[in-house]
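Just one chain is shown here, as structure tokens, and it is the form predicted on its own.
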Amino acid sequence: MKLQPDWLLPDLEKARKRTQTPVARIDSFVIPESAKWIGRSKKYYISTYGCQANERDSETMAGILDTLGFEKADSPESVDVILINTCAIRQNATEKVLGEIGNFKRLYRENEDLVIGVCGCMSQEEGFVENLLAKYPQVRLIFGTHNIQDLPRMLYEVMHEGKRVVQIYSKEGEVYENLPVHRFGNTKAWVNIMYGCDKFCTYCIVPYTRGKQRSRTMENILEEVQELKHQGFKEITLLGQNVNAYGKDLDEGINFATLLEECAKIGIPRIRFTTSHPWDFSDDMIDVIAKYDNVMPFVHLPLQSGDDEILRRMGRRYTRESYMELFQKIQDRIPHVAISTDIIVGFPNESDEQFENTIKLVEECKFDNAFTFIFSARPGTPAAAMNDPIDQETKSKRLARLNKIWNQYALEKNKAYEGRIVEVLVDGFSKKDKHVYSGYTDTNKLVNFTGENIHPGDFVKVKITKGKTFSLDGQAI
């Protein structure tokens, strides 16, 4: 593989650096004259992996492509640009992305003008980019999370200058306002309130791929929320890699509780937020959630492990005891709250006793939902270099046992909804049955229900007839 002099490749050593340099805030988006209307009579398709931050990035890329004259397509067949927006959290995500890129090779053979681009967090990983360059010639554009605003110029260089463009900034990052956006729905919207993360949990690649923590100004966020209300959106989700650390990097004396309350006062019917970190979850936050009816009584509170030594080696900054104290406060002070979590099984050198400590905590908390994973080493993170003598079979058995236990509690929680009447914000028809509607309660429970003359965006009263492990069944009243 011959490296081109104008390629900008990922550099994790550079990406992990943190300075006191003020964050650049850029309020204008300018399309180079040469790139204007390069998408006229052309179509694009975006495939998105990973978290809500990636979904929101894809909406920005779609907005930029719309501005260039492209038209959005629902299928990769017969399009001119394909962008694959990737997630770097786990190894199986890498395998899925490479599989999809391989499938797109057929489309490239049929149309050598097709631009296949790979972007997002995975593009910020050194080994992944080198693999793409060496083995996937159909990928002609690779860019990172800090390069989205440069999409018009990069596309022009690929489409009109015949270049293979690799542009990945490894830096702390800026805050861009007023980038175009193509919202993928009319009812629910993502609102970025901050970017990056400074926690550096030892297993996590996000601080390297997304840059340092940098908050948007509250003024700009509230303007966006107000505009979404004006456009008729019924629900917003405030997004951040560590959403409740909002404001710590600003000199304005504000925090996430302040922002959450000001968003609630605007009056959008439903407000959610993700993802919170136990270390930054304040009493003021709990008070705001409890006070405002339009701040949903649902909290995602990642645990990761129930053992103090594992938590210390993960760099999580809290203990089992402090997590339980916070969990209990949330349960006691927020009426009807539902709490979900994340748990990693098989962290390097996790003993049977340490795993049992996680099981015991899950049995105490009885979470409404849990996202559970076997530890996946991400190259460049401290945990990837840790000694790990535990075999995969042991880890898989632990995961299966953990899932069986939390599934039991999730079913128990959902069974308690039977006979109750809940308010559901309708998403549309169920993916499995076009005669059944689906939507979510305020506590983020998926409800599949029957009814007539119902539309996406409606609030509907539904009587729950059956509680299942992952969803509720009901009938509109």
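Note that the structure is a prediction, hence the values are computed from the model and not measured. We number the residues from 1 along the sequence you see.
FYI, the form predicted in complex with a small molecule isn't displayed, but the following is about it.
Participant: Which one, 113-121, 376-384, 400-408, 133-141, holds residues whose non-hydrogen atoms are within 4.5 Å of the small molecule in the predicted bound form?
Facilitator: This holds for exactly one stretch, 376-384.
Participant: Considering Lys163, Arg90, Lys234, Arg313, which brings a non-hydrogen atom within 4.5 Å of the small molecule in the predicted bound form?
Facilitator: So the residue touching the small molecule in the predicted bound form, by this definition, is Arg90.
Participant: Given that the small molecule is left out here, which of Ile344, Leu260, Val225, Ala189 has a heavy atom within 4.5 Å of it in the predicted bound form?
Facilitator: Of Ile344, Leu260, Val225, Ala189, the residue with a heavy atom within 4.5 Å of the small molecule in the predicted bound form is Ile344.
Participant: How about Phe273: is it within 4.5 Å of the small molecule in the predicted bound form, going by heavy atoms?
Facilitator: Output for Phe273 is no: heavy atoms all beyond 4.5 Å of the small molecule.
Participant: When the contact criterion is heavy atoms within 4.5 Å, does Gln213 count as touching the small molecule in the predicted bound form?
Facilitator: The answer is no: Gln213 has no heavy atom within 4.5 Å of the small molecule.
Participant: Does Tyr323 reach the small molecule in the predicted bound form if we count a contact as any heavy atom within 4.5 Å?
Facilitator: No.
Participant: Is there a heavy atom of Gln304 lying 4.5 Å or less from a heavy atom of the small molecule in the predicted bound form?
Facilitator: Flag for Gln304 set to yes.
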